[in-house]
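The chain below stands alone and is given as structure tokens, in the form predicted on its own.
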Amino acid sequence: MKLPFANPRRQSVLLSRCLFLFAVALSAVSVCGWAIPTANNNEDDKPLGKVPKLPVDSLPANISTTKIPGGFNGIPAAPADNATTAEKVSLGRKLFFDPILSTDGTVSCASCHQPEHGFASPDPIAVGVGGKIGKRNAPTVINRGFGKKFSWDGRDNSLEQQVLGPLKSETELGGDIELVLKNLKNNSEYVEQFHSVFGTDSESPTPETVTAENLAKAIASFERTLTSGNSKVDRFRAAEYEALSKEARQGLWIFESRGGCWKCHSGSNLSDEAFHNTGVGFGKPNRDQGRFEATNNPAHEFQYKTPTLRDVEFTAPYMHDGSVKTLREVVEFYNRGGAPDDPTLDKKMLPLNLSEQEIDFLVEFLKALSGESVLNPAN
């Protein structure tokens, strides 16, 4: 018996049909919101990822500008030229969720800093306009108002300065601030709100107050209200001893003793705001050079800012490259001492020799650092 594929003509017809169906399948993938990665990874032709999410503002109607989070001595300090006001926070909040800040109108700040994901991103690497993939993981903005340096490599000295970074980036919000400002100036509602916040009583609303500086001030003011505190750990330290489970207490002891976690994750916000090479990315080709890119100081190569551990259970994946999926894997990474073969590894990085149970204890402690915030008013 002859097989149908033995006929050369039939083979050709079947091959043509297969290629056609494959092309249709690729088109369907694109229509469903997934872009096919490009083969070229040049600066002018970034690889594409999935279409970014566009979260809606589902935060509580009123967000306090004066509430001190439990475990802290005050609220985030604002610069002298950008006092935090309810009106400024309202404008910044609106801008934070509005895709008008992107050049193609598809991406907002909230796309990479999703409220339901601890104001971070579930994507290992940030995805921006046109599905362009950036360079690093989008970190949380929770408690960034307490920070001293901003961005993974510390290139920014203030929240206001950091806000402008994504606007200037072609792979994030598109890199055309002038176009964004033009679109805002053509929006009468924004013109009135910018005037209300930054104008004077003697003036009528004009587009003159719609500037990059004022835009940054408004969003930074909103971000300073995104705090988290009064976690179970804070309450335990305030003598509410039943707040922590037995397992989390064991994790706290490890954190503060043989684990050595406190050496970098110190202070109320559990970050020394310093930069360290923990070995992430060691051995990979074209390794991200970290803080060196901001300072050009060889001593800063492969160093990254210590992130806060507040609300850390919500912000996976972890590390600057999003390479670690779970909190347990994070603890296992540090239990190994990071990448011991890395010649520039931070001297604080040493194997911890924790047992499997002790790793579990430390994970429970980390989960207990989730606190009261705009997403979780009472923990």
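Residue numbers run from 1 along the displayed sequence. Please read these numbers as outputs of a predicted model, since none were measured by experiment.
The following text describes the form predicted in complex with a small molecule, which does not appear among the structures shown.
Figure note: of the listed segments 67-75, 238-246, 184-192, 163-171, the one touching the small molecule in the predicted complex, with heavy atoms no more than 4.5 Å away, is 163-171. Among heavy atoms of residue 320, some come within 4.5 Å of the small molecule in the predicted complex. Looking at residue 294, you'd find every heavy atom of it more than 4.5 angstroms from the small molecule in the predicted complex.
Contact annotation: residue 131 falls outside 4.5 Å of the small molecule in the predicted complex, judged by heavy atom distances. Residue contact check for residue 214: none of its heavy atoms lie within 4.5 Å of the small molecule in the predicted complex. Checking 180, 280, 89, 210 for any heavy atom within 4.5 Å of the small molecule in the predicted complex turns up a single hit: 280. The candidate site formed by 82, 105 and 224 is entirely out of contact with the small molecule in the predicted complex, as no residue has a non-hydrogen atom within 4.5 angstroms of it.
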